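Single chain ahead, written as structure tokens, the form predicted on its own.
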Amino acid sequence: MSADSPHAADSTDSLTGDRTGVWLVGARGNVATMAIVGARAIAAGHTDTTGMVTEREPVSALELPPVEEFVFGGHDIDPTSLVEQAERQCERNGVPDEATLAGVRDDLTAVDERIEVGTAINCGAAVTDESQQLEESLSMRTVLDQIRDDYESFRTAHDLDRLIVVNVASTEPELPTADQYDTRDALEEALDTDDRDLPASVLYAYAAIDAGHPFVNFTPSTGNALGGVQELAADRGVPHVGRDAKTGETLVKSALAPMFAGRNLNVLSWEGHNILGNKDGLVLEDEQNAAGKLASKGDVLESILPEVGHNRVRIDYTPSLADWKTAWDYIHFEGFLNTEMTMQFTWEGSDSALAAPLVLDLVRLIAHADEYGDGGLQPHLASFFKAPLGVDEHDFSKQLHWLYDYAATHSDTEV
């Protein structure tokens, strides 16, 4: 873990005995709600750990903090309570089911009291008339101080050994001038001069990493992708990872596209059409908010199949689907003797139920990196993301083996 961390411990301490705090940015959103419900349901014995990579060999051989002991808090701009959010998901999607929700209702109420009002600077369509947010006129440094104070108050109040900050908020518009913040000095100057172009995700990431808290960017938002934030993380020795979690259609693409490359089949066109009806789908109706998401989904295919003739991805809001996301992909390819053939697949899944276990996995794995002094970017976690920072390889199988190699190396160390 970082030597600057306020909770630095002897490296021989056991992660299983640590109190791990999980601070969720966007704590009342669909993914965060499902992650909290899932963790508390596991703790109460209402569900098992299906869907969690860290519960399957060889990753389960690592010494990881138990999900049952996670202490949740967070920021949000949505005033709707966690219980109400979970009830809405239960009624509209059937996930969680009524029995599971009943078993964790009191836990959700307790977590809800730990959620603070957040900032929504440059969040675009994610901000609605009902949103509650820190005063927009506050300076960037003042907002940073407030965020940092919220982290520290939570850590102190719950006697936490470690705090992991995870961004699961709705997708922001892309930052068009990201290159101008490529160094820590440039970023610091922007903060000092109250540069109003910086988005909320950067402030959450900076505040976390500057205080020694590992950071996970589960979204396509800028966050820790800025060069200045990455330099800060390297200087502080703090682990961080992102961005844009790979949970559905792109997961299938990253596993399937290498098949066409490996068999030397010429992909003429790959058309992908996604429809979903939750708040994330609504936010992505806005072209500015959707731009980063579409780029990360498209770049995966371009990386694996650089000669692809046509590659297009669409995301459309379909209110009646609620949290059930459906993707239809049409692949037109050419084989031996110029024979043209096609493949189609349909992917339908609960968006939040696919994402939530990965949130829990990433918290456990980045806590491990922090404990054993692995600061900076975490390339072995690339398999979790569409646009993994510091990694150009998008073949899912290869990415997964990096994680397995990490697990094998570190589990040997820990025996």
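The first residue of the sequence shown is number 1, and the count goes up from there. Just so it is clear, the structure is predicted and the values come from calculations on it, not from any experiment.
As for the form predicted together with a further copy of the same chain, it is not shown, yet the points below apply to it.
Only one segment in the set 69-77, 224-232, 132-140, 255-263 has residues whose heavy atoms sit within 4.5 Å of a further copy of the same chain in the predicted complex; it is 255-263. Contact check for G335: a heavy atom falls within 4.5 Å of a further copy of the same chain in the predicted complex. Although the partner is absent here, V95 is a contact residue: one of its heavy atoms lies within 4.5 angstroms of a further copy of the same chain in the predicted complex.
Heavy atoms of T326 reach within 4.5 Å of a further copy of the same chain in the predicted complex, making it an interface residue. With a 4.5 Å cutoff on heavy atoms, T100 counts as touching a further copy of the same chain in the predicted complex. With the partner removed from view, the residue among A186, A178, V117, I275 that has a non-hydrogen atom within 4.5 Å of a further copy of the same chain in the predicted complex turns out to be I275. T342 is the sole member of T109, T342, T156, T193 with a non-hydrogen atom lying within 4.5 angstroms of a further copy of the same chain in the predicted complex. Not one of W402, A408 and S411 is positioned with any heavy atom within 4.5 Å of a further copy of the same chain in the predicted complex. Of all the residues from 343-379, those having a non-hydrogen atom no more than 4.5 Å from a further copy of the same chain in the predicted complex are M343, Q344, F345, T346, W347, E348, G349, S350, A353, L354, A356, P357, L358, L360.
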